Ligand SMILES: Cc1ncc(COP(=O)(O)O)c(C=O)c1O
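The data below hold one chain only, encoded as structure tokens and taken in the form predicted alone.
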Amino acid sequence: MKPMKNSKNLLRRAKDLIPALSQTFSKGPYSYVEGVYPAYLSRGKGSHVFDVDGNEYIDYVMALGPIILGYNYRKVNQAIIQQLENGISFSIPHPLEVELSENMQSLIPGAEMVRFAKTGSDAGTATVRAARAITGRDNIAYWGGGGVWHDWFTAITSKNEGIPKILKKMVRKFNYNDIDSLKILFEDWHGEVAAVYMEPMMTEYPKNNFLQKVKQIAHKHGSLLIFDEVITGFRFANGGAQELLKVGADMVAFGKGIANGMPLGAITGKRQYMDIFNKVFYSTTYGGETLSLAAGMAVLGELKTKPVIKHCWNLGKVLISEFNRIAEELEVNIKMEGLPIRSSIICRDKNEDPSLLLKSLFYQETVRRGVLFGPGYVFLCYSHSPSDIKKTLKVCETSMKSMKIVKNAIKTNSVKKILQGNVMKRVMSF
């Protein structure tokens, strides 16, 4: 690895200019192993990224999920360039709004109508506003991994400064695969729940018809079921988790993979619910920005004609199974947990508790050998190759072997001496 002189210089300049050092908390240097990881990337190609000092990495962060086909993907680039020659934003709607809506309708179950957004957070918040308008209620039953920065959700997180405290009373969490926790919530909030807002799945499958039961309970109490498919959409299946799990929601929020890195989100749903957008105020100048719509058209075209989902699932299966086999053989307490398409690397201490310190040590060793893992999920894209997986597993094996030294360091409380950067920090909790 080349010295990170340019990365460190840019970070020094940013400290006087940019609050939080990044536009996205999860991309900030504190979310990685600061001092070891590059602080800035300059370009990407396929499944690889390059930092500002010329170092190359196999990337498993994929810009926190949006890169589903690969960086600098030719057909997406061509679509953007072609549209750029005709204009970006216009005074009245562009035909791409209709064309992409029709494409999404043909791909996504229950997408009778479509409305575009710029981010998954915007799309999710719009569905919550719609549900409240439809039901005349305020409260939201929630389950998921977070990520929505708007007030209605962030009120229940540790980063809730500047948000009216009353909003915290309007959102309550329930537990996945625990239908009783949702029943109790509805009993406590009898007749007050506007919607159940949830990710249909994260890293485990629903059990005992869990999602069907959630839908039944929501409808029984006059509430809407909203799926947050910002991550699962276009990754778990072409039609998202609704298609994979064969459970439809009343409204669905999409983002991330819809445009392979261009800023685009979407809301889909049944006409009887989507009609409310004729009344509620959801209007944004850049909702019809054409470069993102053109990118979305290209992505959906690739999903329909190429085995994108199958490719990612198959490579993910190999990565998880071989990673865990190596860890077991080396007797290191590291495991890749979750699904082939959305997994997490967990490093546990001697008490079997997840340890950010040990995870930071493991990531330090992998990034120094050219593999970029992130603070959240392990994502694959269509451009990842079997050779990428082979090299990654070799790097992980070497890194795990170096982690064996840490066993003695744990006993003597000298682990931090081995870590050459800062321990990774969690962005927020709730």
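Because the structure is predicted, anything quoted here is derived from the model rather than measured. Start at 1 with the first residue shown and count on from there.
There is another form of the same protein, the form predicted in complex with the named molecule; it is not shown, and what comes next is about it.
Annotated contact segment (heavy atom within 4.5 Å of the named molecule in the predicted bound form): 143-151, selected among 267-275, 169-177, 215-223, 143-151. Contact between Gly257 and the named molecule in the predicted bound form is not found at the 4.5 Å heavy atom cutoff. At a distance threshold of 4.5 angstroms between non-hydrogen atoms, Ser121 is in contact with the named molecule in the predicted bound form.
Among residues of the shown chain, Glu199 is one whose heavy atoms approach the named molecule to within 4.5 Å in the predicted bound form. Remark: Val299 does not count among the residues lining the named molecule in the predicted bound form, judged by a heavy atom distance of 4.5 Å or less. In summary, among the residues Val193, Val230, Met251, Ala295, the only one with a non-hydrogen atom within 4.5 Å of the named molecule in the predicted bound form is Val230.
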